[in-house]
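Just the one chain here, the form predicted alone, laid out as structure tokens.
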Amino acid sequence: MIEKGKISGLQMAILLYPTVVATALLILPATTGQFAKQDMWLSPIWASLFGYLAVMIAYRLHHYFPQETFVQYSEKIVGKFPGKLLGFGFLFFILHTNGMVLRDYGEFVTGNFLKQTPLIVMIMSMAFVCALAVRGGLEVIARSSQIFLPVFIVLFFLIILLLIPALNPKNMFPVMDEGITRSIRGAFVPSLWFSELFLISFLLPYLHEKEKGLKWAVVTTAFIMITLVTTNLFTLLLFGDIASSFTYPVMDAARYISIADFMQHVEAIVMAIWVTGMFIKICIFYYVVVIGTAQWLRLSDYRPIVFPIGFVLVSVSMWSASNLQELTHFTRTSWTFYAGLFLIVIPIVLLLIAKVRHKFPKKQSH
């Protein structure tokens, strides 16, 4: 195995949680509110079903190929050449998605805080820091997340507590006045964010106790769902029907916080949440691209390609969209089908083929 490090089930959970939440935290209320209106707090519940599905698919494939990742076992399932094509397509998808995540990070920081700083500087600085973590290996990323995640969670709940005096419970009524249709429509985009949990297929082979992988993945999915329901609910109670009109509703919510003219302008807390969460998310996607590329090329060590892939990642982030509006539009439309293909459809097909081949091994050989 190229990766020599090992992580625990808890460390895997700590890695997975911000991988989904980091992006969704600021963008989710606007995305779901556009379709679900006052039922937007229900949408993450339906979306989490895709998270459980992605986890189960990844775990079942891991059961058949316990020492291999998606890039490796796809060749064994569908053959060398088709498997290579699938592996290349998957790696390109992860690289492209990570480029968009990196661009989103840069746009948020430069647009809200460091307005005089060139976008490329923000993107390159984050990419460089993440490259150092990825080059250190999976254990380094896991230990980094153990440090940053408590900060992420404490700051998030601090924002929630400070918003309580400004909330209006009437904003969530009437509940499901048109049934569950609106909340399901609002769940479409976040369901693909939950599907990113399929990336555990690159983490499960490196667990100390493999039998605990499924348990921690399911627990993580539940905590992600609770976090996103809380985010949408508090945004709805604060803004009501206009929540979808903000690009970053949570950021605008933080600007409402004012306690005795003493505690104001706490947007910096939101920035701290965003930076810590995005660091872990970018690292995980970056690591998947690096380790997957090394396995696709059958290299003996992945470290020599970390910085070259980082250069490509920065290029993709600048190429992915001309501005934030275009990036947001692509994320809410085309990316959902794009992600659904690689994170749900193709893995399901591979799992079905793997089941057939393991059930009828003799017939296959004939």
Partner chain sequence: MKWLMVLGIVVVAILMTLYEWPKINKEQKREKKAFVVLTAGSVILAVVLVYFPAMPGPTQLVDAIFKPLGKLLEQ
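Residue numbers count along the first chain shown, from 1. The model shown is predicted, which means the values in this text are computed figures rather than measured ones.
The same protein has a further form, the form predicted together with the partner chain, not shown here; the description that follows concerns it.
Interface residue remark: H63 is not counted as part of the site for the partner chain in the predicted bound form, having no heavy atom within 4.5 Å. Using a 4.5 Å cutoff between non-hydrogen atoms, A58 does not count as a contact of the partner chain in the predicted bound form. For F92, a non-hydrogen atom is located within 4.5 Å of the partner chain in the predicted bound form, even though that partner is not displayed.
Proximity of F188 to the partner chain in the predicted bound form falls within the 4.5 Å heavy atom cutoff. Only one of L53, V312, I45, L324 comes within 4.5 Å of the partner chain in the predicted bound form through a heavy atom, and that residue is V312. By the 4.5 Å heavy atom rule, the three marked residues L297, D301 and F337 all count as contacting the partner chain in the predicted bound form. Shown alone, this chain has one stretch from 152-160, 227-235, 172-180, 92-100 that lies within 4.5 Å of the partner chain in the predicted bound form by heavy atoms: 92-100. Counting a residue when any of its non-hydrogen atoms is within 4.5 Å of the partner chain in the predicted bound form, the one hit in 133-148 is R135.
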